[in-house]
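Given as structure tokens, the chain that follows is alone and in the form predicted on its own.
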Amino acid sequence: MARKVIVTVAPVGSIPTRADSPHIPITPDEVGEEVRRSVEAGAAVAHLHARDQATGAPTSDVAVYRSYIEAVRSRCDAVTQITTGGGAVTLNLTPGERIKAVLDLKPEMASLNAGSMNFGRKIFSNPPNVIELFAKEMAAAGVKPEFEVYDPGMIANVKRLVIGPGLLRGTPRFGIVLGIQGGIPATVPDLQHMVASLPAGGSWQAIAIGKDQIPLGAVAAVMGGDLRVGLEDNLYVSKGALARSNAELVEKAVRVIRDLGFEPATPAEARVQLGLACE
């Protein structure tokens, strides 16, 4: 039986705007439809950021997150994952503001950024006390964290601050982010080094930025990992050609996965693999 690879779709993000691509979804209906089409194309997890409905700017408004989750759940059975990092750089949110939607809405998963870094020309602040706080509060809320790691030191942070003290409920899940200015580059050797640094017993996906999204996603599948695609991280389906939808990027990823001899996991299969069905 072919191995099942989990494809996450990140449909909106906090950085790309409609000026960058007219296909960025903003309203609940737009986000819900983008995720539905992506699930039909082979995605299993939806990673969600919130946008102001009037301006399209990133927001931490719990009501917007709620409307997005409701729009997704009314259309498909995607695993819902929301960010605790979106807007931290652009909006200077407090830790409490960043995690409020997670605690109020209790999605199945949430991202947990595992260290501070230069993010482009700004500072993305995730000090040890915030990592510990988010891990404790997610565990209490029954929300599975996905540790977003941008360099090997952040993997060490998770081991020391979360896994070692017993703050993690279930097995660890990592999102290895490659290609952000200030983080580890998007190369195969760098991905291999990151994977070699992971603790045993967990799972991981590659989150490669821009043109490296699909190529490094394919490498991740061969290495036993999963992958994330979507307009949050990459606006182009091929050189110079804007993706017309998130589903188009999912379709491309799924074609590659199947060419490699794997199959995309359904949301139900992803829940089992991620430990959500039994936690």
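Predicted, not measured: the structure shown is a model, and the values here were computed from it. Position 1 is the first residue in the sequence shown; the rest follow in order.
Keep in mind that the form predicted in complex with a small molecule is not shown, yet the notes after this line are about it.
Gly85 belongs to the set of residues with a heavy atom inside 4.5 Å of the small molecule in the model of the complex. With a 4.5 Å cutoff on heavy atoms, Arg37 does not count as touching the small molecule in the model of the complex; it lies far away. A residue is said to contact a partner when one of its heavy atoms sits within 4.5 Å of a partner heavy atom; Asp151 fails this definition for the small molecule in the model of the complex, lying far away.
In the model of the complex, the small molecule sits beyond 4.5 Å of every heavy atom of Arg51. The partner is absent here; in the model of the complex, the one residue of Asp212, Glu251, Glu33, Asp233 having a heavy atom within 4.5 Å of the small molecule is Asp233.
Taking a 4.5 Å heavy atom cutoff to the small molecule in the model of the complex, the contact residue among Val158, Val102, Leu191, Ile180 is Ile180. Just one listed stretch, out of 159-167, 172-180, 135-143, 192-200, contacts the small molecule in the model of the complex at the 4.5 Å heavy atom level, and that stretch is 172-180.
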